[in-house]
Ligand SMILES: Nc1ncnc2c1ncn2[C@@H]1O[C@H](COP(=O)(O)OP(=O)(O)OP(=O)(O)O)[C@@H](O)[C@H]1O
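One chain is shown next in structure tokens, namely the form predicted on its own.
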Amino acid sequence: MLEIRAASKTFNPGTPNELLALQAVNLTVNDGSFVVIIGTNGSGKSTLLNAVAGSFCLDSGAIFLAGADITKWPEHKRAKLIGRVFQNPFSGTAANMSIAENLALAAYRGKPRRLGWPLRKHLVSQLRDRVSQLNMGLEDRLKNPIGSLSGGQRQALTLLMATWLHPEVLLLDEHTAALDPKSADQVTALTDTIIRRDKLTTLMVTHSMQQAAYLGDRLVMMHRGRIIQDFHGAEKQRIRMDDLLARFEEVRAPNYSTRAPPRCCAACISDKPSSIIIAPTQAK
């Protein structure tokens, strides 16, 4: 579904602020795979998502989505294929518009636009049905401005908008990081439910070791613009938080080199499944 070939990006080249954000990154994601991306600060996690979304042009490399070469596509053209949820709960919605009007924008995304009343009866009924599935009691508040809601409610609606038309790929950039623990747990559970139900191909950036260990079917670790670890299948299922924390300490060492072959953590060689119970998602 998604193929990133030798993607490289340097910001502010030739200046004291030069940053090698992506260094020949290669990543192939199968249809329906849920990939969690972790890494140290400045490792290139969000930059990788922005590259897929088209927020900037790559210096070199290529990106293919659903069989199409989208490397040169502008961001608005890619948006027809991509759903996206940002870290800031207020980035994905129009505050002064109602809940129903925001959702209508998502429902009509990529379709021909014409003059007319968007909130037709059949659409309002559909909106009410989908919002009720959030279990937040918002189905009877569709006329309320979305800006009057809490951050957690708004982020849940943003997630609903981003997945309304079943995008080819869903990008989640630390979408629970700005929420309180209870709201973060609700949005995380909703995220997992929607992705599993609709079999959405997903890239999710997170700093939460809890989410990294227990969400998704694949885990990618980045450092200094490179992918240094890629767990999937049985390896991913055996990963524990302690393994990830130990790996983080290893890559933070001053003499660590991203060019060296990645060392497997304990989860790779252990035959014993993890016995840790899922705790609040905000645990780091």
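When you see a residue number, it is the position in the sequence shown, counting from 1. Note that the structure is a prediction, hence the values are computed from the model and not measured.
There is another form of the same protein, the form predicted together with the ligand; it is not shown, and what comes next is about it.
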Checklist entry - Does at least one non-hydrogen atom of Thr47 fall within 4.5 angstroms of the ligand in the predicted complex? => result yes
Checklist entry - With a 4.5 Å heavy atom cut-off, would you call Ser33 a contact of the ligand in the predicted complex? => result no
Checklist entry - So in the predicted complex, does any heavy atom of Ala21 sit within 4.5 Å of the ligand? => result yes
Next on the checklist: If we define contact as a non-hydrogen atom of the residue within 4.5 angstroms of the partner, is Gly61 a contact of the ligand in the predicted complex?
Outcome noted: no
Checklist outcome for this item: Of the candidate stretches 66 to 74, 212 to 220, 37 to 45, 237 to 245, the one with residues having heavy atoms within 4.5 Å of the ligand in the predicted complex is 37 to 45
Item to check | in the predicted complex, the residue from Arg141, Arg130, Arg109, His207 that sits within 4.5 Å of the ligand by heavy atoms | outcome: His207
Checklist entry - Which residues, if any, of 5 to 19 lie within 4.5 Å of the ligand in the predicted complex when only heavy atoms count? => result Phe11, Asn12, Leu19
